[in-house]
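Okay, so here's just one chain, in structure tokens, the form predicted alone.
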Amino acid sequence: MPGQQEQHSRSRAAQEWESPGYESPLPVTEQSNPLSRDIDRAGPGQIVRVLQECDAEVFQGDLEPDSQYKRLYSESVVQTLKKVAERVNAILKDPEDCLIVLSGCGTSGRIAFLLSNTFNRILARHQQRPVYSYIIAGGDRALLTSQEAPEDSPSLGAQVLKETCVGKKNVLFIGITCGLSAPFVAGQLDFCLNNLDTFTPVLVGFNPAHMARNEPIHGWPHTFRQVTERMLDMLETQRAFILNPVVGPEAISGSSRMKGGTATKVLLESLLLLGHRAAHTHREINHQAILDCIRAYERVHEITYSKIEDLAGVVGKAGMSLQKQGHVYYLGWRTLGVMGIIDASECVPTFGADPWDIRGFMSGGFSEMNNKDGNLSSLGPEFSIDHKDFMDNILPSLGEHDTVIFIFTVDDDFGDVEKLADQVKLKTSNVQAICHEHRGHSFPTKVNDIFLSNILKINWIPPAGDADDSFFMRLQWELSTKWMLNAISTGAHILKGKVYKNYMIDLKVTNSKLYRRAIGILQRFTGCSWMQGERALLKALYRVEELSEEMATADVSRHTRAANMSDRVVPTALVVLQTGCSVSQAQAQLSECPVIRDAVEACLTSVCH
């Protein structure tokens, strides 16, 4: 478990972001975490340590008995987990005309996909038909690439849910939106609330209900907060449920792929696993069982971050690759391959990264991924995810500035790993490995010969119990791998200079949520008004010194479409606001000095004087 000093540090940080006046009225998921304020100045080891402390906040208990926020271990959260798990159990025992739907946008939708497939596989082992289905805003394209425009459409969300549930009489709908903000999910929850004879809605997020987004949604009569308030009214009758423990601000402000994704995985896997155990082995769903499950995930955090030095070494290698205009490639097997693809896909919207900077590939490609739409490789090179695609398209041009990371377990075909690694090593010496083994099943000694010292190996104790329990170890491997890959990709982009303090300032402003976040960032760092921040953002977005009337009065949707064609919009606007430079001068300075913090400081000291 974390040391006393670390726990004290987290407690002080949590007290700061929990204090009533801290950064109000920003929702917790959008706040700046005090633990990571200087992460942009950190080296690889310190980056990993900061991420360790931030991730530990997911499992932190209430600071005070009267704490204003619910946590993962809070009694009300545990009771809600129990009630939803009981609904899962009831459906599994009588699945006729029933469906469990998990839905979300971006990271939340990808986790919905992962969990849906995982628990359908458990059902298959019991000779039961699939009961789970997933929805992701933008469809299966969004599993691999950023498809943010659909996130802003409540009507689209409702329509997709309606089509998914045709003919079903009992649907447990789990809508995931870390900030209680996604219009796509709001539309689905509203649809459920209007059809409670069929649907039981569950909202999963990580802000208090009063922090749900209350801004108008274009073309829709409700706000997300209004939908949340309707659900609150139904909690007592158990016709709707809300799971919204607060897990603290993200290490990189607003990057809900990290703690938000982690907490989603922990919460939903815990309640789904307990529902399955009750249905298949008649074990009771009780308070202690839920606590034991969450504590097992907390133990995964301890085990994963016990490898800080090894992980920091991989972060440093990946960062060096991006600094030298190289690339980072994940080569994974089975669901750990999916984790690599998910992590890589999130770097483009999070850091404004090039789609080719970090890429994920998995053995078997789409046939192993088992997504609804099947093989998407015809849609473009970014949808080529098979190891064969890596061999055919990437390996010939692989060089010493590239980092290749193998991700596998002792249950995978090590002969396949060895064969692929031998070919990669002919092109670059920068070959790393993340691998999981468990007691009684270890890798052959030659694994060390293949990867030399560049191997991050974790040994696990397999759970005792039935076949369903064996799945739990793979779920733990997935979470451990998620933490490590998040650290690698986040750390690499920090080392490249894509983060300003602890803000992902070079984000792509491609939907209304990111548009508002961008203006908020400009306000925070320059003290400008909302209007001033918006005008600077639009000037940078359209690359003009003065806005036309049409630009100034256009709907946000037009601006977000235009953002797809613009680079470094927020950094440019920041330099303009802080220094008084023209847009063209700011762009030129950023071209000469690509590290944002250095570029801003250079402009402040020289360009304007």
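Counting begins at 1, following the sequence as shown. Keep in mind that what you see is a predicted model, and the values were worked out from it rather than measured.
The following text describes the form predicted in complex with a small molecule, which does not appear among the structures shown.
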Among 171 to 179, 122 to 130, 282 to 290, 296 to 304, the region lying within 4.5 Å of the small molecule in the predicted complex by heavy atom distance
171 to 179
Please determine whether residue 106 contacts the small molecule in the predicted complex, using a 4.5 Å cut-off between heavy atoms.
yes
With a 4.5 Å heavy atom cut-off, would you call residue 250 a contact of the small molecule in the predicted complex?
no
Does any part of residue 343 reach within 4.5 Å of the small molecule in the predicted complex? Heavy atoms only, please.
no
Taking heavy atoms and a 4.5 Å cut-off, does residue 513 contact the small molecule in the predicted complex?
yes
Please determine whether each residue of 411, 476 and 478 possesses a non-hydrogen atom within 4.5 angstroms of the small molecule in the predicted complex.
no
Find the only residue in 269, 148, 357, 190 having a heavy atom within 4.5 Å of the small molecule in the predicted complex.
148
Ok, 256, 403, 228, 489: which has a heavy atom sitting within 4.5 Å of the small molecule in the predicted complex?
256
